[in-house]
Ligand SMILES: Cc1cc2nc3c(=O)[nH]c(=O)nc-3n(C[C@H](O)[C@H](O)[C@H](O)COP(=O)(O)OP(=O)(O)OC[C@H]3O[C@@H](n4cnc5c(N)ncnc54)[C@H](O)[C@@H]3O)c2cc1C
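The data below hold one chain only, encoded as structure tokens and taken in the form predicted alone.
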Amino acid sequence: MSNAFAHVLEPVKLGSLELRNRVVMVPMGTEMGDHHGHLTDREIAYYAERSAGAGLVCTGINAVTDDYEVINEGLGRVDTDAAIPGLTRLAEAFHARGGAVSVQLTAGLGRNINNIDPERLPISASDNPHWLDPNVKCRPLATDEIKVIVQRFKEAAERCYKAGIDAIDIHGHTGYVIDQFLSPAWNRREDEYGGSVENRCRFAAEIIRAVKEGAPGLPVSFRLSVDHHFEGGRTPAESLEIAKQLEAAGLDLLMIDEGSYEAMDYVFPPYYLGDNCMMGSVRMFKENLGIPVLGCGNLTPERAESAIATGEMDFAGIGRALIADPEWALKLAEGRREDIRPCIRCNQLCVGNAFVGKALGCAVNPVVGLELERRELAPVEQPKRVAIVGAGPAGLEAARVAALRGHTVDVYEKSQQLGGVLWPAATPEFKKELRSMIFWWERQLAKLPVNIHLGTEISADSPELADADQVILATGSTPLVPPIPGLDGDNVIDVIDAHLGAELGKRIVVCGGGLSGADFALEMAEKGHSVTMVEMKDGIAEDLLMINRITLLRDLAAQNVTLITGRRVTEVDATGVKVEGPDGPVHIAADTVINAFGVRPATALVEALAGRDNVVAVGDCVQPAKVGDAINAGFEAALAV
């Protein structure tokens, strides 16, 4: 095979299971099950669609028992035979496509459980405090209860086996119940399930053996957080000793990842953590174990290929990138690396949705969760001429979808660059995947009946709109300029212009602590500027998803960015910024002041064309929001044409 990704794409055996390549879609929850926690046709279609992009696809977690812990509504469950019909349909959907599917089984959430039932305290290895509410203490499982849970794993594995499932994954990471037994940070038991490494691994080892007994011949994997990333948490060296115990119990594949609820950003690594952020210790496990090892964590195809080729690991664990593009490996096999839709690692509609109990979505792939309805974009019977004003994320996605459906599309952009606000927003290295989306759209549109008109400003009476059957307005937003004295001074630069290369002084004060201002502050601090942020609210980037915000605040602190919150900017002068707060007025010296107060919808053209029945507005010109909202809105607008 001459393909540049030959090792990633190599057919391989996992135990007796033959896989088409070495790509494994690692487990991620979907919140698409029914209210009983069983698989729906919608969820099966979502998983099966990824069979083209992975040799093995793992489901999200499925509870094996509710004997001692309440199974939250929406969480998958394989605790009764009622789960078998859905599992059977899942297996059949994969086998019809030549794919393989693994079901992840969990012993429970324990101290990480979201909803605390006062009648049933969270379970754990010891009397650990609940993660969110330390006043709630977990109830240590009794020995006979541990035996029941092990038996429930065997029963759940039997159901998977009867349904034709290909493999089983054991949910052993991120500080959930099994992990609570493995780690001395949470296991203070003095019986046969506590103390030594062997004793702390006994619960997991018994589960592995029970699963193998219940599902004979099926390979069993175990997902282990090898670095908890908090003081007192597990280190890679300690995790290696655990991995050896799991191997001795009969494990077939070790999935290596990192993080815990104390370091949740490593569980769902945002763009701030960069590429390949969990590969630091993978080689150590590969060199010391006799079973295959999987690495993951914002893996790029290039890093996955080199790691497998050099023997650093055996399998590439791909998660959100397979949500963004279910044909990840297929496109590599076809020599279309550049056509892989980038995951921008924003966590907005995947992890963010799951945290509030909403079905999985994707910021860059609006088909996610709607594969039954949207997988094939049906061609229209009567093609139209579609004019799109604005080449930001909403406009570009609308153009792509409209053209795929057979319409002829013209896109008008007043600047000389595609991408709208994405272009300046993606200048930091940690946001390079966001800029990659612009290049991706550019490549896709070049293959479609789409005409791009850069440097073309459209007004209500522009002749370009006269012949259009449908007009989609995606004109974006404009900077918000509060009535602050001096904000129009020569030393004041809008954050967008600053991103685009305006000359900046050594000392920078960023006025406004939203995401745009915070990302700019981090970028400038990394380049050596002395940066201060001023925000009227009590926190910085409060509009950012909590998981991403953890990393952002840590990085801002590491770069010595001064954060001044609860203070209002009252004036800008030639030497800096005056702010007012509870302790009175303060002057902050600055060479350059950045206006990052936010944006407002660019409504001029929307208002001028109001009332026309062939005009629809989408994206920030309706309401400024996240990039994923704009992309999904553009998709839906084009789908309606």
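All residue numbers refer to positions in the sequence shown, first residue = 1. As the structure is a computational prediction, the values presented were derived from the model and not from experiment.
Here the subject shifts to the form predicted in complex with this ligand, a form of this protein not shown in this document.
Although the partner is absent from this view, Gly420 contacts this ligand in the model of the complex, with a non-hydrogen atom inside 4.5 angstroms. This ligand is not drawn, but in the model of the complex it has a heavy atom within 4.5 Å of Glu457. Taking the partner from the other structure, this ligand in the model of the complex has no heavy atom within 4.5 Å of any heavy atom of Ala329.
Put simply, Val627 is close to this ligand in the model of the complex: some heavy atom of it is within 4.5 Å.
Note on the partner interface in the model of the complex: the residue among Ala107, Val78, Ala521, Ala391 having a heavy atom within 4.5 angstroms of this ligand is Ala391. Site annotation in the model of the complex: the residue of Phe94, Tyr193, Trp131, Tyr412 reaching within 4.5 Å of this ligand with a heavy atom is Tyr412. Picking from 392-400, 443-451, 107-115, 332-340 the stretch near this ligand in the model of the complex, with a 4.5 Å limit on heavy atoms, gives 392-400. Residues Ala425, Gly476 and Val618 are all found to lie within 4.5 Å of this ligand in the model of the complex, as judged by heavy atom distances. Taking this ligand as it sits in the model of the complex, the stretch 588-617 comes within 4.5 angstroms of it through a non-hydrogen atom at just one residue, Leu605.
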